[in-house]
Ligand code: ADP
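Only one chain is shown below, in structure tokens, and it's the form predicted on its own.
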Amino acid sequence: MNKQYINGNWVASIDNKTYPLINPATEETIAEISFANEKDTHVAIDAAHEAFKTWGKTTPYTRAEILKKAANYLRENLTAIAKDMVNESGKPFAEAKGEWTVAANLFEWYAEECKRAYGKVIPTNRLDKRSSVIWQPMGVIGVITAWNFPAYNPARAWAAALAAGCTVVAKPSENTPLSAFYMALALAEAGLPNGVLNIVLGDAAAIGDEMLSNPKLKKISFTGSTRVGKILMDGASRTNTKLSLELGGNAPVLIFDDVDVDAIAKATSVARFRNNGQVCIAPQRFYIHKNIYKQFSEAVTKYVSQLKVGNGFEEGVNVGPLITKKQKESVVNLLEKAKSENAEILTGGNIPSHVEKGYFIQPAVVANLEQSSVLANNEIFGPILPLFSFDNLDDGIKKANDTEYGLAAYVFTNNLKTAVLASERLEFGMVGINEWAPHSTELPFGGWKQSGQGHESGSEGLYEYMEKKLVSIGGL
């Protein structure tokens, strides 16, 4: 199961290349994984194109039965597959189990939602004319996903696309392929026909280029960096390939002075370091009202200093390693730049003394920051909690919106007026009021500005993979 998955078979790449999959907690090689390029991708697209001729004509009830069986397979094998997620991603075991539960829920939810892809009849201005709108599957979909949520990221795209009647050529991250392999196995066990789902792993540039150039592939769903998203946007003009892009984030958090400071500080220490901060909607820029800044900074420093860092299988571990050595170096570099700006590290930022190997960093709280700081203007994607202050609602909104990103934002207040005004004025696709999880299986997930285009999850996610068709009959 460490090979490419094409047309229902596990096959070596055409060039027979492999690469080592590294455990980020131990730096040990887990497995040798087949490494593909544009030639393998072309074969996979051909298989998906052929399979669409049949899959695209199945009823939503047929598709739903397969997706539900796949969801049940994932739930029945939850513990085993979660262990491999810990090995390849480093996240704590409890987080891995939680992610697989959500992935299974996505398959089940879209199994039901595909039965409700309703069209509509439109009254016309002529007696001899009847017009209606229907939805039909788009065709072959390329799905490129990131490593930070190796089950959730693919599941929300695969489930929606398959439920819509599309076929899929998926390119999961080379850093976390095992989770994608398990989902392919679940769908195969559930009876998904050969060629409906295909997986290619390897040369990202070559695979992406083939997806953009091949006219048989109708759309690419991408989860990843804004930089790569822009490359895809440029390349999509070749064959007018449609795009859904879930890109970077730099989520602000506005904490007003009418909250329970200690309770919010404690919750912050958990929310900020979920998946080690490697979350596109992670709360990142913490703007604390000046009246409670000192109290909050002391409280959150206390709670963050108590977080346990280590291997995801260890009892009580809250924070695992970063995904790669490169990512660890990126976070260390941001901390060094912040220090040069006279920032103050209140806790953490060091390499834990009890670990000999692995890409670990002790979660850091950083204060004395200006709006121009490197920690305000970059997506950190790591265990740093930067603290800023604001004077009032207008000042807070201005600082929160001062970013090219527009994915998620958070507001904590007990004042209804403040909550409403803040939610309306924040320039982000998702706003959480007094909660850290504004997203859910049934809710639309999408960003503004340079954080992407299109939506995933919810009914909106299903329609991302369907074409709207007007059918108009005259002369009646």
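Each residue number is its position in the shown sequence, starting from 1. Because the structure is predicted, anything quoted here is derived from the model rather than measured.
Heads up, the form predicted together with ligand ADP isn't pictured, but that's what we're talking about next.
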### Query
Does Asp395 make contact with ligand ADP in the predicted bound form, using a 4.5 Å heavy atom cut-off?
no
### Query
Would Thr145 sit within 4.5 Å of ligand ADP in the predicted bound form, counting heavy atoms only?
yes
### Message
I'd like to check something about Ser173: if you look in the predicted bound form, is any of its heavy atoms closer than or equal to 4.5 Å to a heavy atom of ligand ADP?
### Response
yes
### Task
Would you please decide whether Gly224 lies within 4.5 angstroms of ligand ADP in the predicted bound form, comparing each non-hydrogen atom pair?
yes
## Note on the structure
Students should find that, of Ile292, Val309, Leu232, Leu369, the residue having a non-hydrogen atom no more than 4.5 angstroms from ligand ADP in the predicted bound form is Leu232
### Query
So which of Gly208, Gly348, Gly358, Pro386 gets a non-hydrogen atom within 4.5 Å of ligand ADP in the predicted bound form?
Gly208
#### Entry: Segment assignment from 118-126, 197-205, 158-166, 395-403: heavy atom within 4.5 Å of ligand ADP in the predicted bound form
197-205
